[in-house]
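As a starting point, one isolated chain is supplied in C-alpha cells, in the form predicted on its own.
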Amino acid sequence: MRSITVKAPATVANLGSGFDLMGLAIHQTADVVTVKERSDNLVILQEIIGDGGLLPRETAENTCTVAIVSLLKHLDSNKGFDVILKKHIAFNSGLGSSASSAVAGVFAVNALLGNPLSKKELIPFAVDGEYVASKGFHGDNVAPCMLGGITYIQSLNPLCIEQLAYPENTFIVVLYQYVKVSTAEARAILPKQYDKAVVIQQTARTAALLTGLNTSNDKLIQFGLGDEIATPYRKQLIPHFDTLETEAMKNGAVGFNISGSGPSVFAWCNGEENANQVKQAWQTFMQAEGQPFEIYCSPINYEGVFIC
C-alpha cells in the first residue's frame, strides 16, 4: 500500500477589508496529514494527534475526511484511504486550522491518485470540508493554504481565484491567545444588514488594499487593513485588542487586525527588524499580564501545502 505525508500551513484570513475574500499563508506552524491507500473503498480517520481528543473522529464529521470524500465523489473514484492527522494549528484560533486539515487531506489523496487535478482545482473540495467547522462556504483560508502567498477570491462558483502581488519585505506577526472563539460564533455576532455608508467605506478600504499591495504603498495598505464589517463587532471577543493594536502601531507596524475570526490578531510589518520590534512589544505586554500566548513571526509563505 502506498502512503504520503503532507504539510498545510496556517493562514491569516479576511485581511481587514478583505472579509471572506482575501488571505495569506504563514510559516512556522502547519498541520501534517498522512494518507495511506486501503484495499477497500472506505475513508477511515485512524488517528488524530495533538487535539486533546476534542475533534470528531467520524469520517462524515471531520473536515479532513469530508474534503477527501467530496474529492473522491467528484472523481468517481472507488479508492479507500486511511488518514492520520497531526494537529499543530490550534482549532478555533483564527489561523485556519480546519482549512489546513481539509487542504492537506485533498492534496495528499490527489497526489496518490496521480494528480488528476491542479492545486487550484482542489480548492472547492477543501471548502466542502471546512464547511463542517465554519458552517459557511468561503475560501479565504483554504486558498492561501493550498496555493501560498496572498489570494483573492472573486467567486467559488464558478471558481475564480487570483494570487496577488505584495511587497517583498513583508513580515507578518501573529499573536494567539488561548481563548476560544469559534468561527460559527464569530459569524453569528455580525449584523444581518449594514448601512450604505458602511458598505461604501468598506469598498474604499478593499480598493485601497488591492492597490496598495500592487504598488507597495504602505498608506494604502494600512487603510485597507482596516475593516467596517467584522472588526467592530468581533473585537469584543478578543482580550486586549485595543492595547495590542496600539503596541503594534507604536512600534512601526503598517497595519493591524484580527486573523480570521479570532482570537488571533496580526500585524503587517516592513521587514524582519520591524516585525521583531512588534513581537517583543507584544511579548512584554502579554508576559506582564501573566496570560499564556503564542507568537509567530513570519514572511509570507509563498509555497502553500507541500509533500514532506
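Counting begins at 1, following the sequence as shown. Note that the coordinates shown come from a computational prediction; the quantities given were computed from them, not determined experimentally.
We do not show the form predicted in complex with a further copy of the same chain, though everything after this point is about it.
Only one segment in the set 204 to 212, 96 to 104, 124 to 132, 78 to 86 has any non-hydrogen atom within 4.5 angstroms of a further copy of the same chain in the model of the complex, and it is 204 to 212.
This chain lacks the partner; the member of 169, 118, 154, 216 within 4.5 angstroms of a further copy of the same chain in the model of the complex by a non-hydrogen atom is 154. Between a further copy of the same chain and the residues 90, 220, 112, 237, the one pair within 4.5 Å by heavy atoms in the model of the complex involves 220. Contact annotation for residue 21: at least one heavy atom lies within 4.5 Å of a further copy of the same chain in the model of the complex. Using a 4.5 angstroms limit between non-hydrogen atoms, residue 185 is distant from a further copy of the same chain in the model of the complex. Residue 232 falls outside the set of residues with a heavy atom inside 4.5 Å of a further copy of the same chain in the model of the complex. Not displayed here, a further copy of the same chain is kept clear of residue 179 by more than 4.5 Å at the level of heavy atoms in the model of the complex. Along 89 to 121, no residue reaches a heavy atom to within 4.5 Å of a further copy of the same chain in the model of the complex.
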